[in-house]
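One chain comes next, on its own, written as structure tokens: the form predicted on its own.
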Amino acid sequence: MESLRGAVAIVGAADTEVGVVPHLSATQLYVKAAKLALEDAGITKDQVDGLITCNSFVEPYLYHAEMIAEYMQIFPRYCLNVATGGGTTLAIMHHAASAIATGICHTVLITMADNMLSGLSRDKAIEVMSTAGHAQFERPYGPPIPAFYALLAQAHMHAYGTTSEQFAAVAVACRKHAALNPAAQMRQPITIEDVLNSKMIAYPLHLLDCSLVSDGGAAIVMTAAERARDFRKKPVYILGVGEGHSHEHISQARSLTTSAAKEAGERAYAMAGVGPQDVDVAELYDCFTPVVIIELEDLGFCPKGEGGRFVEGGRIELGGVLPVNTHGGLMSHCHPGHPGSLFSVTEAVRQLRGECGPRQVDGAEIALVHGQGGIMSTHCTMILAKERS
């Protein structure tokens, strides 16, 4: 399918401060991110006729997008709220692009935020982590979310000989990039030994194999490619997008080592007319270190089973074969829950604009962003580029 190739562009992108942001509620973070993105695009809220949000864990509303529209006094022709994980959070850009391409609306604002760190008590956070899983076949055994991902890690280790040191290399790369990003929540460099010596959470995952818990928000503005150069910043074009949905509950997964990122990536590459060899920078969903290794394989950057070796020796660091998560990712930049993958989009936009300073990938022309939700359940891949074709 080529109908969306080069038809839509991102013309505004912004993040709020991240980490511990106790002076802003979840709703205030949504609105601040939105205002910053509108400012980046050089437009006012009155020029927005489409609005999409992702419901908050901490401050949920039954009609969340309508509530944000009311708060900001935006009166959209297209209004949508989603309440699912990282994969679908990115996939709503697919919906927005389709709405723009078909003329339903012209300028879409997507804003997402939460204050998972300052807004949830420890008990409430544990409760949120414990609600994942099939009520009959999984939850009675008590596994929290990290345990489900540990299951994937053990399967990969058993099948391909992947090591804890290789998982740790993902965390080290993300932290190296975060050290170059003044906005990142965690910037202190770490080593593979630091990861292996950190607290065991769910074998084989240590504390530093796990993503952060954060406050923060991000937002983007999208419009038709024909209008894109009328905005303040240089546009970034969507060349391809694809989704893959394999299961809801991990006990029903077709495979523990191959995910629907494979289908999502293949569909995005086909629409974009490019392949993994053309990608200059990749922003991959990294809720836990094994996820990055599986995604690298399924997205075609290396053969199945070679992901552990692919991340060794700085290959996914700046200056390596494929820089991954140049802002620090969920592992070191921030992870406020559902909005996590939108920070990957704003980082990709900045990389393609050449705005990333010491973490800039030289000559970046094409970026791949991948979001994942559930327990490796729902996937979306997007190919972004500096030029329309």
Partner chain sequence: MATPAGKPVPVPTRETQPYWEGCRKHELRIQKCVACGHYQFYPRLYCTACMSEQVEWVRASGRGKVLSFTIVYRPVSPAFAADVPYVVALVTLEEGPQMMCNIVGCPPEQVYIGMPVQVTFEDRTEEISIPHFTPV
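If you're wondering where the values come from, they're calculated on a predicted model, not measured in any experiment. Positions refer to the first chain, counted from 1.
The same protein has a further form, the form predicted in complex with its partner chain, not shown here; the description that follows concerns it.
- Within 4.5 Å of its partner chain in the model of the complex, a heavy atom is found for all three of P143, K199 and Y203.
- Across the options 272-280, 145-153, 168-176, 235-243, residues that bring heavy atoms within 4.5 Å of its partner chain in the model of the complex belong to 145-153.
- The closest non-hydrogen atom of S121 lies beyond 4.5 Å of its partner chain in the model of the complex.
- Proximity of F137 to its partner chain in the model of the complex falls within the 4.5 Å heavy atom cutoff.
- Proximity of Q252 to its partner chain in the model of the complex falls within the 4.5 Å heavy atom cutoff.
- A residue is said to contact a partner when one of its heavy atoms sits within 4.5 Å of a partner heavy atom; R229 fails this definition for its partner chain in the model of the complex, lying far away.
- Checking C302, L318, L117, L256 for any heavy atom within 4.5 Å of its partner chain in the model of the complex turns up a single hit: L256.
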